[in-house]
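Consider the single chain below, provided in structure tokens and representing the form predicted on its own.
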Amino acid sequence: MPKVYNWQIGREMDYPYEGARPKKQFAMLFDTNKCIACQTCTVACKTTWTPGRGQEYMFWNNVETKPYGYYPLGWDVKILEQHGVQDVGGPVYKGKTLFESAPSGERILGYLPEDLDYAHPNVGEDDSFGDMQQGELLQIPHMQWMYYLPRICNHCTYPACLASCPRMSIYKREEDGIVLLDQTRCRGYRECVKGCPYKKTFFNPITRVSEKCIGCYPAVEGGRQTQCTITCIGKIRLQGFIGKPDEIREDNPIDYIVRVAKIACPLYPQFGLEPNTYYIPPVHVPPRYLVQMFGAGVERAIAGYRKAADDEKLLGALLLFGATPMIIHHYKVEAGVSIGFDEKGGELVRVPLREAIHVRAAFDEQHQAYRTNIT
């Protein structure tokens, strides 16, 4: 099996095809600290791409509550259990990837969910970890925790769905790295559903072929961010392109956040797919849980995020989330303002790093009235 370099695990690994990175790579950032699970992104995606027959159960975008939420049911704990205990500590991953753990005759370690696993998309919603004992009082930080995890197809550098398909129906576009599925070639074997550890490929029981997130490629081709990104009311997402591992550009907000400041991490990097969606980890969750999910860089990411207010370059990049529907290719921070630009250098948006704050006196002398405790 050919060897490819996976920068997220810091080493070469086995993959069924030769490594060939696209000219540009679709990427998305999520700030989990800002997500409130309003599901606006889910509805926007659902009404845009999957309102048809056989698509009723499909959520190309979903938001689940961790640690108990899943869609489909138990998608990550099931593959983690099959994968077994792995050493995820350190910059170089010493365990096996899912490709390296493949059973004899298979290309990747995977499983096919049961139909009923898709029946409860909101299972575990708002359930927190831990029990409250009789007589306990509220404490800060909280004794119990949960957080929301938005998910789409990761448009991986080394897609498991692509590697698993015996019909070569799935391909990765050279121009933007988006992973697409050619339904005219698909015969509905579901090997892609079985192979994708994130379970972001779906089988349509009416058309008898598979489907998946298309990265809103018609919008991306026009320079716009994806539908789930531009409809996010919490401004937790930023979609654009991430540079190649040896071509890091500090004026690209995604490169800066992921590769320079290193405050965003991939989802389950130990699987070996080099996913291209990145998460700013929740600051209130025990690191031991987060390391398993986001890799060894979690504690450094949280520490960097907590100091973002002291780093104007980082703060400027974070404030571009939700600032414009267009894709930001470059940015700079100048005179207290973060400025985003399109691919040709045209200005798209300006966001002040700090908004003016006016503190009024508690007592209004002119009207002889107190301003406090007034609703």
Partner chain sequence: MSTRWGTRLVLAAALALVAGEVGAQMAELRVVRVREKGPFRDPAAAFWKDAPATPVALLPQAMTLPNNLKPAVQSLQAKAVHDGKWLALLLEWPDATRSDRIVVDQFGDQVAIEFPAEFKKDALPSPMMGNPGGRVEIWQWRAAFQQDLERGRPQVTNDLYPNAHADVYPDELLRAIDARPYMGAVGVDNLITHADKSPVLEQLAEGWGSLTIQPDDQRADGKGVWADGTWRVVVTHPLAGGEGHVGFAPGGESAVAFAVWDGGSREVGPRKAWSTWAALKLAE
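Everything quoted here is computed from the prediction, not taken from an experiment. Residue numbers count along the first chain shown, from 1.
Another form exists, predicted together with its partner chain; not displayed. Remarks below refer to it.
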property	result
Heavy atom of each of Phe241, Val333 and Gly346 within 4.5 Å of its partner chain in the predicted bound form	no
Single option in Glu125, Asp176, Glu106, Glu250 placed near its partner chain in the predicted bound form, where near means a heavy atom within 4.5 Å	Glu106
Of Asp76, Asp255, Glu274, Glu191, the one that lies within 4.5 Å of its partner chain in the predicted bound form (heavy atoms)	Glu191
Interface membership of Met1, its partner chain in the predicted bound form, 4.5 Å heavy atom rule	yes
4.5 Å heavy atom contact, Pro325 to its partner chain in the predicted bound form	no
Exercise: Gly19 in contact with its partner chain in the predicted bound form, heavy atom 4.5 Å	no
Proximity of Val209 to its partner chain in the predicted bound form, heavy atoms at 4.5 Å	yes
Segment assignment from 286-294, 300-308, 153-161, 181-189: heavy atom within 4.5 Å of its partner chain in the predicted bound form	181-189
